[in-house]
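Before any questions on binding or motion, here is one chain by itself as structure tokens, the form predicted on its own.
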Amino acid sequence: MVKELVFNYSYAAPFVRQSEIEMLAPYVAEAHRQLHEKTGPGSSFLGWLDLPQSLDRAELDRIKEAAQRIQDQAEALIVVGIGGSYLGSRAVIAALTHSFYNLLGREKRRTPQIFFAGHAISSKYLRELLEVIGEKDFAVNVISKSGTTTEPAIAFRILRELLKERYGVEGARERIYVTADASSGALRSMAEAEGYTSFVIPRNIGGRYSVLTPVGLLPIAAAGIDLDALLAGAAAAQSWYSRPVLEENGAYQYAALRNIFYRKGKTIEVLVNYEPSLYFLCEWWKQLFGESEGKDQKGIFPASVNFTTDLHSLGQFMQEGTRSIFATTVWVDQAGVDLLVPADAKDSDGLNYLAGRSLSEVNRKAFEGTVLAHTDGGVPNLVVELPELSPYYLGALLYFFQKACALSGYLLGVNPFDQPGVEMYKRNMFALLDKPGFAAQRAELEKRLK
């Protein structure tokens, strides 16, 4: 039986009155109207809103065919991109595959190793990635609307040359998969000139909302993950979170509570997980909310912790540090195969009270104990519960956060679909590197650096 995700804010009850939530209902309704009628700020970037149900099935079939080709021809796939061009697929692959996926033998893994490049300007990282690739057959999926973003463009140039050296021009052509703008940009021009297999980044979807487009779907499919189930979960969530009434919409409740806490001085939100495989989901979430809301001198700072690991470090700050934090936990009821704690005749470690109990049970009690402790310590806690860690429910969770982020941005009074501040560092870097057209700024920047 299919269940909805559960949004539970009962642990936040000591910090917010129900009347505060109800008073936001008219503003939520107006934000909902602007989103669905496409009349609000950034309305030209709302293609993700109905994407799960409107995705072109022919394009989906092409993605699956390309993924099968990658699986047949390559021992490794290198995904080249930065920000939204790689975080979505990395989050899904990490969450839904074996924790040690790349270390498994091909007979168990059955699909290519998946590596990521172009998300940093680190010669150490890229050189060591090339060492790991070694003599393996590999393919590249490069993702960029423009093709000129510095980090992925450098990585792709290096990898493209390696492909040509190893396989020749024709062989390289068969192993390069491009995801770019439909008709403009350097990467699209290169794809057409060289005859690379290519897919389109929809112009009406920003990078951080693009995980369910070819941007994310091709690497996810290459890793052997069920795209139909992932998209079905997102489509279900599209239906669940299209309800305009606040009390019937968990995503809207989450957005409303975030804004209530922000107005009370809770300016940092910590996303909590209890499964190491959700680490990159948190990284994706941080970009989604940070880039969407952090503007006009406003916004909630998105951070994340990995429990129970970080309970032995950051847990102290959350418990007794400055009261500027609220927490949101992503909890998975069934995360996978379970283990039991064995009995020990000597009980030298004092753990026999746990003998015969599952690690899932112990983990849940750690979660429950932490939520209660942090609540007592003055930290509001929100919880998003998934019945299981599966493609269906992960697809639903991705849509939950996207919808909540868009509505939260409108409640905050910002455009959640632009990112003007991201361009500032690029302009400075281009000037300092002597890029043509930036000479005028270089002298002033170098003076400031002395």
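One-based numbering along the sequence shown. This one's a predicted model, so the numbers in the text were calculated from it and none came from an experiment.
What follows is about the form predicted together with ligand PA5, which we do not show.
A heavy atom within 4.5 Å of ligand PA5 in the model of the complex is found for one listed residue only; from 302, 214, 84, 250, this is 84. Among 287, 306, 352, 97, the residue placing a heavy atom within 4.5 Å of ligand PA5 in the model of the complex is 287.
Not displayed here, ligand PA5 is approached by residue 419 to within 4.5 Å at the level of heavy atoms in the model of the complex.
Ligand PA5 is not drawn, but in the model of the complex it has no heavy atom within 4.5 Å of residue 258. In the model of the complex, none of the heavy atoms of residue 71 sits within 4.5 Å of a heavy atom of ligand PA5. Remark: residue 112 does not count among the residues lining ligand PA5 in the model of the complex, judged by a heavy atom distance of 4.5 Å or less. Segments offered: 133-141, 216-224, 146-154, 165-173. Contacting ligand PA5 in the model of the complex at heavy atom distances within 4.5 Å is 146-154.
Shown here without ligand PA5, the chain has 207, 208 in 190-228 lying with a heavy atom within 4.5 Å of that partner in the model of the complex.
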